[in-house]
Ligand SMILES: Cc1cc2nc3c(=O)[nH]c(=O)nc-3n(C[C@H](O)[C@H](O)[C@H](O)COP(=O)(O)OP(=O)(O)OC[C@H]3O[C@@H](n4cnc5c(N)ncnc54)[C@H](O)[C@@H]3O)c2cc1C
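Only one chain comes next, encoded as structure tokens, the form predicted on its own.
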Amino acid sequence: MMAGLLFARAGVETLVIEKHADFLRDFRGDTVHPSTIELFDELGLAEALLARTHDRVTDISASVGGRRYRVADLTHLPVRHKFMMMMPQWHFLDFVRDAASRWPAFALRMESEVVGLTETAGGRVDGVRLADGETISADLVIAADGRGSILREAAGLPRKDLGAPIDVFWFRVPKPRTSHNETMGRFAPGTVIAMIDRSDYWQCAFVFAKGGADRIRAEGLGAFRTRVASAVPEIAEHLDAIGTWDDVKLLSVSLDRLIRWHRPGLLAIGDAAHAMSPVGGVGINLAIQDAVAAANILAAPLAQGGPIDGLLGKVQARRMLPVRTIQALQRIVHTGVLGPTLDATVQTEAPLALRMLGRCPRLQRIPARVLGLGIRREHVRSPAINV
């Protein structure tokens, strides 16, 4: 959707194709980081975005053995908006759709499932094929169809699986409404729970070893509630809100990246190019940065009717450093923090890095910078036509 906005803004006839009839997916891409808000500021849209209902998070903490450590303090970031915005994905996508629709070159088709690619006799991708048999031609196909991307498979793009040792159960627990929102991780022997404060409920991520979902379900919902209550006693009285397993959504975590993001006529971005772990909630923000980089490099040549196949590799070259860096950091968290905690049977001391962050508040600005602004942050440089 962000790519659609930026390409249409540059005068490129753009069609965004969506499989579903709406954007209502729970627990997906709710974390909008300061880097993303700044991009909307550059587009003159930040105030309108912030006028939509959302929650704000200015710090991230972790609790180990009953002691809380602040991990990241976003209030010192060198940007105008020094917070993470928590907004349900469907509200965010509705906003971007509305903003994109102001440009005559933008179009959106819902309930249209893409199942494959079309190619020229020379092997260049020149469009997509829908489930109903319809084909749509295009000078460029952008594959932004997620971690299970059909288009990257159809294009034969090689992929490197980095291995993700965890999966996640998402669920929500009601809480009294508060004016200050926080995100924190709770670490107990054998249990890790990330908690995002959504004012009147906690959005919780229960982390467990990959492939363990069926075993946890087999132990029963009561045992699951007991395990959550043991790690987070203050929400125990509200856990009846988890009425059935339907209230608990499984996220099968992937961590991978394409070795090559493109072939003539096609470019993969976002999760289709690099599936991220939920650690840090960075996936949506990296995807949006990809879209900005793609528009910066490709929108003007496309608008002018020029060749773009030779430019596709520049998008990957621009974005590979931040992807590699963030994925490396996520793997460190997987193996150095989450893995040992999930394997533990007794409470251990907090990791040295966490204790150092707690002792020296200035150090909290480092993870805040990495999470809030990312690596090699993009800025909107694609052109805008007059309308």
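Don't overthink the numbering: it's just position in the shown sequence, from 1. What you see is a predicted model, and the numbers here were worked out from it, not measured in a lab.
Below, we refer to the form predicted together with the named molecule, which is not included among the displayed structures.
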* Quick one: from N296, Q316, S112, T183, grab the residue that has a heavy atom within 4.5 Å of the named molecule in the predicted bound form. => S112
* Please pick, from D126, D167, D197, D271, the one residue with any non-hydrogen atom lying within 4.5 angstroms of the named molecule in the predicted bound form. => D271
* Tell me which of 257-265, 285-293, 71-79, 158-166 has residues with heavy atoms within 4.5 angstroms of the named molecule in the predicted bound form? -> 285-293
* Asked: Would D41 sit within 4.5 Å of the named molecule in the predicted bound form, counting heavy atoms only?
  -> no
* Partner contact for R376 in the predicted bound form: the named molecule, 4.5 angstroms, heavy atom -> no
* To do: Considering only heavy atoms, tell me if I142 and the named molecule come within 4.5 Å of each other in the predicted bound form.
  => no
* **I17, heavy atom within 4.5 angstroms of the named molecule in the predicted bound form** => yes
